[in-house]
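First, one chain by itself in structure tokens, the form predicted on its own.
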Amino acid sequence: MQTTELMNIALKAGEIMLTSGAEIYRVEETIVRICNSYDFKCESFVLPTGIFISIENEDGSRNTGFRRIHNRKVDLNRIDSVNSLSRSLQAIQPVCKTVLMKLIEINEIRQYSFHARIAATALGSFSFTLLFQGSFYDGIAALFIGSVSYLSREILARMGSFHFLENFITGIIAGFLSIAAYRLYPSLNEYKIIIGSIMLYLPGVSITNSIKDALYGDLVASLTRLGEAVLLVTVLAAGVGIALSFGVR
């Protein structure tokens, strides 16, 4: 086996996991496991924005590879699929082309349809509003506002806008629509509606992963992810704050 083929497999597996929101230590562990399965020594260094891999050849020389990561989201199904594939390689060592094809199939797994995602967002907004002691009617309002905010977020994403702008616009829309709902029906609590509408956009997975990375000693990656999560929360709150400053009762 040529190390270039193994390098492509390891980089592809790491890319899928990292873009799907996996922890840094898990990505590094998976890369090393794949290389060790084919009896090659490997060193990996992963950051939220890049993957570095160095594989030792049989003659003692090293091949080094790098892959830049631009977009990240949460997709636990892909993480689990790549993790399971890397573990299966320890028992069975298929040819590189077969493994690469499986990774491409995993990367092309279709997400839930848009209708399913917007329905889940609506139900989540309704549930969070009730969880924070909002009334049933507050929940109904949050259901519709959550759907509209998700629709606007999807439009911005398809236009190619960056993640921080999506959160900022989402906060503004949720804030203004919640205030509008209160103006039409004064019995509603606009603050509970806002909370229910934006809870799904808080980067809880990123914060959790940053803590786990810190516990595993990946301090640079941990601080990077934590900083990104704090900025996402800040711009979301800034959008809501702007809406409230114009329409607070």
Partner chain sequence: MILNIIMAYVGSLASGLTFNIKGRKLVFAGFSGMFGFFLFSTLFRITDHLILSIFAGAVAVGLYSETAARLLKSPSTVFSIPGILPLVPGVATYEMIQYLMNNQLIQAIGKMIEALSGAGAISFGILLVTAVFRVMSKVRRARRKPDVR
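Note that the coordinates shown come from a computational prediction; the quantities given were computed from them, not determined experimentally. Residue numbers count along the first chain shown, from 1.
Form predicted in complex with its partner chain: not shown, discussed below.
Contact check at 4.5 Å (heavy atoms) against its partner chain in the model of the complex: all three of Leu200, Gly204 and Lys212 pass.
Among the residues Cys96, Leu151, Ala157, Val74, the one placing a heavy atom within 4.5 Å of its partner chain in the model of the complex is Val74. In summary, among the residues Ser127, Asn107, Ser161, Gln90, the only one with a non-hydrogen atom within 4.5 Å of its partner chain in the model of the complex is Ser127. Only one segment in the set 39 to 47, 212 to 220, 54 to 62, 180 to 188 has any non-hydrogen atom within 4.5 angstroms of its partner chain in the model of the complex, and it is 212 to 220. Proximity of Ile79 to its partner chain in the model of the complex: non-hydrogen atoms within 4.5 Å are present. Not displayed here, its partner chain is kept clear of Gln2 by more than 4.5 Å at the level of heavy atoms in the model of the complex. Interface membership of Thr208, defined by any non-hydrogen atom within 4.5 Å of its partner chain in the model of the complex, is confirmed. Using a 4.5 Å cutoff between non-hydrogen atoms, Val32 does not count as a contact of its partner chain in the model of the complex. Contact residues in stretch 117 to 153 (any heavy atom within 4.5 Å of its partner chain, taken in the model of the complex) are Arg117, Ala120, Thr121, Leu123, Gly124, Phe126, Ser127, Phe128, Leu130, Leu131, Phe132, Gln133.
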